[in-house]
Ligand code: NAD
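First, one chain by itself: the form predicted alone, in structure tokens.
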């Protein structure tokens, strides 16, 4: 099938590569020429395990190409996947200007029947607006359908998620659109759920908001554990053994970040308010998450008292491991707060340092990016673990302790067993554990 993917950001690029790997003829398109040129050469602009190899494989096969010519790409396609951004506005609602822009572009180039598929995360009822915009601006009476096919790609495992999905949601309003989308995902027929469009649009926001609430819930419990003799890791394990609850997303720590959870929980709260539905549960979950960084800084102050002119080593900058994404990462707020307090920072991340430099450039000795964890801890008064990268689990503790001014560790992700670290001579503090 001839497919166009509009937008080559995180979702769009993975979608284009994944659909090509399923055997379709896919053209990815974007307004940014440098990005298109780079991807066309097989150069992935983001860090995502497995994506580089899959991109090169399908470029070589010839069923995946990229073009800046959006007009030609739309005209040649049978199905158009819309993967442009829907960034959050100050009031929590989604900025839909890119969706409208693409809808008008599709209207201008509507030369044959096409299915326009929302892949971006959009508020419920967006399909109605896409359909109206295309109808208003099209130059012919050519028929078209709008459908919803929300993405459920986790950064760090997006390629695996696309090629091995646990479900594929298809929201349609016609049999013709349904049949085309089922054909696209033919190898996953047993995992397809067909709904109307409103339902499909809502599933994505509802899913992400539920997972965000689960994270905030266990973080609330971790605060309770710290006021008692309870261990949040064992509480979570005991809860997770209940099959109705499960262990996933019951990890206490610095809270959620990234491009999805923070945006989607606010967006769903806003959608509910606009429709007259009370969304206080989501607001409280988001409030708990926002407080995690301040709680973490208080732990550091209890250890060092005054942060001014103290040297702090930070390991991990991305919002989660296996990605270079720093959007809404807790590290950003932590760095800002420590700089405000007058601390000296030494930062290390396996993949995200370059992205963080665009937010916090190096500043003489006040803020330095280093090449490995051992450089970070040189003469440090405290070591902070911010992201749970696997490489941090195999550090040489003897070298770490030898290089530090004060052997103090604050683990924001509960990576280690407290007794294992303390027996090596460190002061060790974690989240919701003694």
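Numbering follows the first chain given and starts at 1. Only a predicted model underlies this, so the values are computations on that prediction, with no experimental measurement involved.
Keep in mind that the form predicted together with the named molecule is not shown, yet the notes after this line are about it.
Enquirer: Thinking of 221, 266 and 286 as the candidate spot, does the named molecule come within 4.5 Å of a heavy atom on all of them in the model of the complex?
Expert: Not one of the three qualifies.
Enquirer: Since the chain is shown here on its own, which stretch among 253 to 261, 304 to 312, 336 to 344, 266 to 274 would lie within 4.5 Å of the named molecule in the model of the complex, judged by heavy atoms?
Expert: It is 253 to 261 that comes within 4.5 Å of the partner.
Enquirer: Within 4.5 Å, heavy atoms only, which of 88, 98, 75, 195 is in contact with the named molecule in the model of the complex?
Expert: In short, 98.
Enquirer: Considering the named molecule in the model of the complex, which of 53, 41, 32, 405 comes within 4.5 Å of it through any heavy atom?
Expert: Of 53, 41, 32, 405, the residue with a heavy atom within 4.5 Å of the named molecule in the model of the complex is 32.
Enquirer: If you check in the model of the complex, is residue 114 within 4.5 Å of the named molecule, heavy atoms only?
Expert: Outside the cut-off, so no.
Enquirer: Answer yes if any heavy atom of residue 153 is within 4.5 Å of a heavy atom of the named molecule in the model of the complex; otherwise answer no.
Expert: Contact check for residue 153: yes, within 4.5 Å of the named molecule in the model of the complex.
Enquirer: Examine residue 418 and determine whether its closest non-hydrogen atom to the named molecule in the model of the complex is within 4.5 angstroms.
Expert: Contact with the named molecule, no.
Enquirer: Residue 84: heavy atom within 4.5 Å of the named molecule in the model of the complex?
Expert: Although the named molecule is absent here, residue 84 would touch it in the model of the complex, with heavy atoms inside 4.5 Å.
Enquirer: Going by the named molecule in the model of the complex, which residues of 219 to 242 come within 4.5 Å of it through any heavy atom?
Expert: If the 4.5 Å heavy-atom criterion is applied to the named molecule in the model of the complex, 219 to 242 yields nothing.
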